[in-house]
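Single chain ahead, written as structure tokens, the form predicted on its own.
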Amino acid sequence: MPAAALTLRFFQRELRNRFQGSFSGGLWALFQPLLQLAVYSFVFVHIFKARIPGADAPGYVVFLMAALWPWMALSEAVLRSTTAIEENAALIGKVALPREVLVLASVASSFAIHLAGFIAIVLILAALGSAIQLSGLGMAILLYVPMFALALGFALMCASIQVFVRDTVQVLGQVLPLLMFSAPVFYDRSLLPEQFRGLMDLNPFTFYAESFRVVLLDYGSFRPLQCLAALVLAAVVLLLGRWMFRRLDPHFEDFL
């Protein structure tokens, strides 16, 4: 079977397994991030009194939504895909197939679910009167492409390491929240002391958090060099992930 058709089969299986037996079915993909957004918004707006600096700053809810939803797509894709090879050990031992498709299908299913939820919540908030530029929605969707490549590269690395080091997924569960809070997801870069603002660019998600706000909220600005660096990084991480995965692939069966 061609790799594309095989990937589609596993992608469909991933979606089916995630919602099989679920009372709400695929609607949970929208409700769960929406619930998180509501909780975070309540805590930061009503308890911590968070405000975005600037007279033309957007409301905090849309400010948070624009970065939080893409982050959930990336983090869930990497975390769930880390165990893709380990969870399919029985299948790998019986059927000859390119193992990369197992990771690819897992990443693709997470992105598909969260992208659908992202589009839905953008349209809902815009209909409720939030200051969202729907003209930027197409560009926002396009931003998911390099983010997908970045997530897939990291997922291939982590999935291959997980076969040999079984607590990789636990370590990753601790590292991802640190990456989230070190990126401008809950706050604006300008709130940091000036000497620390440049360090945020070391976090690969910083570009995406700020870029989604530019295209959807007209808040901030694109920096061409940062955009180029993000595209190059996504390509490099993807190539490195594929190289590492293929290098370790012949040894998987010995450790599964």
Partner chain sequence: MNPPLVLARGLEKAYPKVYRSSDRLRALGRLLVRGEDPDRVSVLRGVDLEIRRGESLGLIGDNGAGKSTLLKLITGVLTPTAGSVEVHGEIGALLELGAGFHPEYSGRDNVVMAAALHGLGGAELREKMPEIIAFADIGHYIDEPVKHYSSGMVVRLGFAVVAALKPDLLVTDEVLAVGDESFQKKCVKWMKDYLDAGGTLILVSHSMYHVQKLCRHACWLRAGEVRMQGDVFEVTQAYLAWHERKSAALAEPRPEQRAGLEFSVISVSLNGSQGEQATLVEAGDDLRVHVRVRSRDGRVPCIAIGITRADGTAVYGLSTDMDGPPPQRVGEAEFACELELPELALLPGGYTVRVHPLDPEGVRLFDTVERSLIVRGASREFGLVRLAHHWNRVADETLVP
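Residue numbers count along the first chain shown, from 1. What you see is a predicted model, and the numbers here were worked out from it, not measured in a lab.
Another form exists, predicted in complex with the partner chain; not displayed. Remarks below refer to it.
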Exercise for the section: Would you confirm whether the three residues 34, 42 and 189 all fall within 4.5 Å of the partner chain in the predicted bound form, going by non-hydrogen atoms? Expected result: no
Practice task
May I ask you to state whether residue 244 is within 4.5 Å of the partner chain in the predicted bound form, using heavy atom distances?
Solution key: yes
Practice task
State yes or no: in the predicted bound form, is some non-hydrogen atom of residue 79 no more than 4.5 angstroms from a non-hydrogen atom of the partner chain?
Solution key: no
Problem - 4.5 angstroms heavy atom contact with the partner chain in the predicted bound form for residue 233 - result: no
Practice task
Evaluate residue 163 for contact with the partner chain in the predicted bound form, applying a 4.5 angstroms cut-off between non-hydrogen atoms, and reply yes or no.
Solution key: yes
Handout entry: Single option in 134, 91, 145, 124 placed near the partner chain in the predicted bound form, where near means a heavy atom within 4.5 Å
Key = 91
Handout entry: Answer range among 164 to 172, 107 to 115, 125 to 133, 147 to 155 for contact with the partner chain, defined in the predicted bound form as heavy atoms within 4.5 Å
Key = 164 to 172
Exercise for the section: Let me know which residues along 225 to 256 have a heavy atom within 4.5 Å of the partner chain in the predicted bound form, or say none if there are none. Expected result: 243, 244, 247, 248, 250, 251, 253, 254, 255
